[in-house]
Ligand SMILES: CC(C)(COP(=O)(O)OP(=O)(O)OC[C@H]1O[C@@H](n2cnc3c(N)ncnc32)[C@H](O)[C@@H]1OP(=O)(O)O)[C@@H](O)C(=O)NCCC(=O)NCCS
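Starting off, we have a lone chain in the form predicted alone, written out as structure tokens.
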């Protein structure tokens, strides 16, 4: 088995492997962001065959973003050699740890999880991945929620001076005020500008909302897409001043109403809730769960590369 780095020039001519759409996204994203793509070849004879690929991000630490092995060659140690090669490369660049994640319910996710643990990775966090679809069941569940509680809560908030505006409708003055408030009045571990400034996870401004009390930002939600087909609910946050007021519900309601009652190309919605985020876990169990078409568990792993390395979970960031 030969493992080597894919050059940018080679990437321009395409890959021999047929990758899923998500795989193509991660390979392209990794190359655009100065990461490394490793390829595994069966090197028998004069015509080696590409049988596996791995995307390794190196900005803000080393993270294995994607691994794919040709179905014919799974179970033969290809993935193990790719992960070990990625760990060696990260160690050469003096990275303290290398991270990875696996969705346990995916057919390959369980295998990848066991592979990581075999190599020496340790699980340090878990999260629930929720997927939603615009179907009759979802519409009925949402209508029942709004009739039972949602409309009444929103009406009371509006009577107290709250309102909602989409990021597409917000003028420059409001976005400048929002930027100032985010720095001082919102939880620091959620940084909306990691998405607002991203080229890959593009913010869908028509579906991202800011809740205001008068002209003061009280809460916001950010929704992104990578493929123009799936929406990802990335962040939901309320300012310290308005936590407990119910203002966080306004961006959710505005988003769902637009998603269910407007014409758009998006077919699915996904979001992730860290299990350690107790307030969001409570929201998931009491509010979001009935609308989900499926819920998966994602494990986050790390492998120390230096003797003194420790994984500080809080440094990994937190999204909802």
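Positions refer to the first chain, counted from 1. Because the structure is predicted, anything quoted here is derived from the model rather than measured.
Only in words, not in the display: the form predicted in complex with the named molecule, which the text now covers.
K.L.:
Sort through 145 to 153, 112 to 120, 219 to 227, 191 to 199 and report the only stretch with a non-hydrogen atom within 4.5 Å of the named molecule in the predicted complex.
P.N.:
So the stretch in question is 112 to 120.
K.L.:
Heavy atom to heavy atom, is residue 96 within 4.5 Å of the named molecule in the predicted complex?
P.N.:
The answer is no: residue 96 has no heavy atom within 4.5 Å of the named molecule.
K.L.:
Does at least one non-hydrogen atom of residue 255 fall within 4.5 angstroms of the named molecule in the predicted complex?
P.N.:
Output for residue 255 is no: heavy atoms all beyond 4.5 Å of the named molecule.
K.L.:
Any of the heavy atoms of residue 69 lying within 4.5 Å of the named molecule in the predicted complex?
P.N.:
Looking in the predicted complex, residue contacts with the named molecule include residue 69, since a heavy atom lies within 4.5 Å.
K.L.:
Determine whether any heavy atom of residue 246 comes within 4.5 Å of a heavy atom of the named molecule in the predicted complex, and answer yes or no.
P.N.:
Close contact is absent here: in the predicted complex, residue 246 is far from the named molecule, nothing within 4.5 Å, heavy atoms only.
K.L.:
If you check 242, 108, 124, 132 against the named molecule in the predicted complex, which one has a heavy atom within 4.5 Å?
P.N.:
Going through each option in turn, the one that passes is 108.
K.L.:
Counting any non-hydrogen atom inside 4.5 Å, which residue from 232, 185, 80, 166 sits next to the named molecule in the predicted complex?
P.N.:
Exactly one residue meets the criterion: 80.
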